[in-house]
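Here's a solo chain for you in C-alpha cells, the form predicted on its own.
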Amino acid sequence: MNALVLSNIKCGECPIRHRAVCSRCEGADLDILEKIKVYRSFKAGEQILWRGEAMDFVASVVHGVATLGKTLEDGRTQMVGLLLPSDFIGRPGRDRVEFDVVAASDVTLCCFERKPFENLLSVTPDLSKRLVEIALDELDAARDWMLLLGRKTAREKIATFIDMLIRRSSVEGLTAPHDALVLPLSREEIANYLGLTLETVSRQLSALKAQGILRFNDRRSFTVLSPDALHDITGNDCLH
C-alpha cells in the first residue's frame, strides 16, 4: 500500500520546482497549491494506478521512476512510457486513468486534489500555460518514440534510451558530468519498452561497455565515459 508522506517541504523549496507544473506559480497561487497537495510514496514494483480506475488526484513525480503500460485482452502487456521527476500524472477534466502506472523504483508523488486543481486552472493562466507546455513536450516525446520503435536499430535504441536518461538527469540537476547513473528498469523491462529481446539488450549494453563508452559498477549502476560517442550512436542529427 502507498503511504502518505508528511513533509515540511514548501513548494518553493521543492527539488522539481523549476520544472514541475507549478513552476510558473508564485505568491497566492503557490499558497493555494500548498493547501491542496499531499505527498504519497510507493515502493518499487507497487501499483500506483490501474487503467480505468477512478482518479481523484493529479500529481507530479518528485523522486523515482514509474512506468506507463497497457494490457491487451489476451494478457499481452506493453510499456508505453516512463515517468521521471517533474513529469505529470493525470488529465484535468478526466476522472479515469488511461494507463497502468507502476513504480519502477521507490517513488514519491506530489498529489493535488483533482477538483480544486481543475478550479485553479480556470483562474490561473500561468498554471494553464505550464500544463499546455507539458502536454506539448509529451507529444514531441511520443513522436520521437515512434521514430525509435519504427526505424532505429537495436544499437540505436539502447543508446537513445541511455542518452535520454542522461539528458533528463542533467536538466533536473540530479547529476553532474560523469556521475554514476542508475538504470530505472530491469533489462527485461528495457526490452519490453524498446521492443527488443532480453538477449539483445544485454548484448548491446555489453558492446557499449567493451567500447569504453559505459562502465558498469553493478547490473544497474553505470557511468557514461563518453557522452559524445554515445550520442553519435543514437542516430539523432543534433544535440538536445
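Remember, it's a predicted structure, so these values are computed and weren't measured experimentally. The numbering used is simple: start at 1 and walk along the sequence shown.
The form predicted in complex with a further copy of the same chain exists for this protein as well; it is not shown, and the discussion that follows is about that form.
- Residue 79 is the only one of 127, 79, 89, 102 with a heavy atom lying within 4.5 Å of a further copy of the same chain in the predicted complex.
- Here is the short version: of 167, 94, 115, 155, the single residue with a heavy atom within 4.5 Å of a further copy of the same chain in the predicted complex is 94.
- Here the chain stands by itself, but in the predicted complex one stretch of 184-192, 55-63, 206-214, 36-44, 184-192, has heavy atoms within 4.5 Å of a further copy of the same chain.
- Although the partner is absent here, residue 144 sits close enough that one of its heavy atoms falls within 4.5 Å of a further copy of the same chain in the predicted complex.
- Mapping the unseen interface onto this chain, residue 32 falls outside it, with no heavy atom inside 4.5 Å of a further copy of the same chain in the predicted complex.
- None of the heavy atoms of residue 106 is located within 4.5 Å of a further copy of the same chain in the predicted complex.
- Heavy atoms of residue 132 reach within 4.5 Å of a further copy of the same chain in the predicted complex, making it an interface residue.
- Although a further copy of the same chain is omitted here, in the predicted complex all of 136, 139 and 196 have a heavy atom within 4.5 Å of it.
- Using a 4.5 Å cut-off on any heavy atom, the residues of 53-77 that reach a further copy of the same chain in the predicted complex are, in sequence order, 68, 70, 72, 73, 76, 77.
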